[in-house]
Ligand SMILES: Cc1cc2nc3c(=O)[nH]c(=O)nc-3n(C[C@H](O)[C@H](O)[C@H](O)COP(=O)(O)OP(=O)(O)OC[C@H]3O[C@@H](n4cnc5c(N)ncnc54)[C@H](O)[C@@H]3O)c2cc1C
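In structure tokens, one chain follows: the form predicted alone.
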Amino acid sequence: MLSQLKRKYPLKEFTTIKIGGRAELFFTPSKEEDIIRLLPKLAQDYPLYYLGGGSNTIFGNFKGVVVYTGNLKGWQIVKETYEGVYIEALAGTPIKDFYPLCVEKSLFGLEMLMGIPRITVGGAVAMNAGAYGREISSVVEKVIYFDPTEGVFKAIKPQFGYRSSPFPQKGLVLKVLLKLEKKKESFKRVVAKLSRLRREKQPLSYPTAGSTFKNPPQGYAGKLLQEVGLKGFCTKNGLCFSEKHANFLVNRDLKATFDDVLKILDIAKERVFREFGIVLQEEVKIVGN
């Protein structure tokens, strides 16, 4: 058990943007018993952050416990009907692991997430990840999660919002029941088309944390950032709003720090508010200081 709990642990390699300080504690549970025994005790003394693939997270130094779900992987088909397939998946399961099954059975509902680097089931559910007009909430039937305050597992069908869910406030997502829909079209062809669109519009050749800001009701965050002159804008350490898509931060030279992140976010929010009166909200998770 203690080997799963590490102190002053570096976090940089656990994010796709390759920026990170250290966590006071880093906990890697491998089974339900690990969670039951240790998480309630940790929650009494520290703030918790639940981490999947780190595709939408940027860390500073975090004086708490990062609970990494990377060892909680696996899935199984629990029911198959004419209309679709029900799959139960552990939180740390990468979304890309479902690709062969979806190709084989023409199952839809996760195609829009297939090209997002390192995205996991738990992470996708926690932020209601989506792209190209569809969100994972459309295929979530049930979530089993651990409430560290009460020390028990619970099951709900969550209510989701735009890039939001009841998690992590309610606790650690452990398992998710997904219902994928059978269609008479090629999953492989659809994913190839979406991947082509993603490559054309997003800076996938650099370390990035995905969309930086949520789209406000008044329009698109990328368009607003471009109109205030931030497309291609960089800090001195090479943290830039991409030339390809202004709402993507890229760590161009792998030298950017957490301070660069805080600085560039403040500049963006200030300029957009001054010009348009719109308050941008981060989609990327900023953790620590």
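The model shown is predicted, which means the values in this text are computed figures rather than measured ones. Throughout, we count residues from 1 along the sequence that is shown.
Beyond the structure shown, there is the form predicted together with the named molecule, which is absent from this document and is the topic of what follows.
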Note: exactly one of Tyr50, Phe258, Phe26, Phe62 sits with a heavy atom within 4.5 Å of the named molecule in the predicted bound form, namely Tyr50
Could you check which residue among Arg118, Lys154, Lys142, Lys193 gets a heavy atom within 4.5 Å of the named molecule in the predicted bound form?
-> Arg118
Hey, in the predicted bound form, does Gln202 get a heavy atom within 4.5 angstroms of the named molecule?
-> yes
Contact flag, Ser55 vs the named molecule in the predicted bound form, heavy atom cut 4.5 Å = yes
Does the 4.5 Å heavy atom contact test between Phe241 and the named molecule in the predicted bound form come out positive?
-> no
Val173: heavy atom within 4.5 Å of the named molecule in the predicted bound form?
-> yes
Only one of 76 to 84, 98 to 106, 207 to 215, 179 to 187 gets a heavy atom within 4.5 Å of the named molecule in the predicted bound form; which is it?
-> 207 to 215
Full three-residue contact with the named molecule in the predicted bound form, heavy atom 4.5 Å, for Arg22, Tyr46 and Gly288 | no
Which residues within 139 to 171 place at least one heavy atom within 4.5 Å of the named molecule in the predicted bound form?
-> Arg163, Phe167, Pro168, Gly171
